[in-house]
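The chain that follows stands alone, in the form predicted alone, written as structure tokens.
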């Protein structure tokens, strides 16, 4: 485990303040694939190994993921953590017995994760969701996606969901953790929370919905609706 402390409200407030400057990196963008890649690389490069400067960094695995893992130990199954960032979720998956790989498009994120977890069993590497290693296609018993689909613009959503789905082996499990919108409305983004029809796209990609957990994360200034979905790939 990392020695980083779990974020408190002071950390969250400083992170919120830092987000103002980070959002300037995303201003007036067309939000296509090259620009999203450039944005994520820029965030990690300018962070200076300070997680306050990474808006989505929790320095702790997601609680919903931990709750799921308690009943679903890996028993040497393979797992992949998509857009792993600083590695907390990937480390949790590995600790529950999965042979875990994790990737991020930002090389600095991968270097940072390796430094945080120097004795990790996770196989970290820099990679692109839209051009993954060929040996990863339909390989993994468990694929975990957290905040990735919502970080890419709506015009890329179907392509992104299909790329995620292609990494799950037949009979395997896909976990999706995302912000959601209770009802459709225009979104400036990023992020672009998923509406219900978007969250259900995996039905059309050969998956069966196993469970759906809709919940709210409370912040001092707002409440943020979220969804945690477990899908099973048929075949």
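On a predicted model such as this, the values are computed, not experimentally measured, just so you know. Numbering follows the first chain given and starts at 1.
The form predicted in complex with a small molecule is left out here; the points below concern that form.
Chemist: Please run the contact check for residue 89 against the small molecule in the predicted complex: heavy atoms, 4.5 angstroms, yes or no?
Modeler: It does: once the small molecule is placed as it appears in the predicted complex, residue 89 has a heavy atom within 4.5 Å of it.
Chemist: Give a yes/no on whether residue 158 approaches the small molecule to within 4.5 Å in the predicted complex, heavy atoms considered.
Modeler: Residue 158 lies outside the contact set for the small molecule.
Chemist: Classify residue 130 as contacting or not contacting the small molecule in the predicted complex by the rule of any non-hydrogen atom within 4.5 angstroms, answering yes or no.
Modeler: Result yes; residue 130 sits at the interface with the small molecule in the predicted complex.
Chemist: At the 4.5 Å heavy atom threshold, is residue 117 in contact with the small molecule in the predicted complex?
Modeler: It does not: once the small molecule is placed as it appears in the predicted complex, residue 117 has no heavy atom within 4.5 Å of it.
Chemist: Looking at heavy atoms inside 4.5 Å, which stretch does the small molecule contact in the predicted complex, given the options 94-102, 80-88, 134-142, 67-75?
Modeler: Residues of 80-88 come within 4.5 Å of the partner.
Chemist: Please tell me which of 122, 164, 113, 146 lies within 4.5 Å of the small molecule in the predicted complex, judged by heavy atoms.
Modeler: The option sitting close enough to the partner is 146.
Chemist: When you measure heavy atoms, are 181, 192 and 229 every one within 4.5 angstroms of the small molecule in the predicted complex?
Modeler: No, because 181, 192 and 229 lack any heavy atom that approaches the small molecule to within 4.5 Å in the predicted complex.
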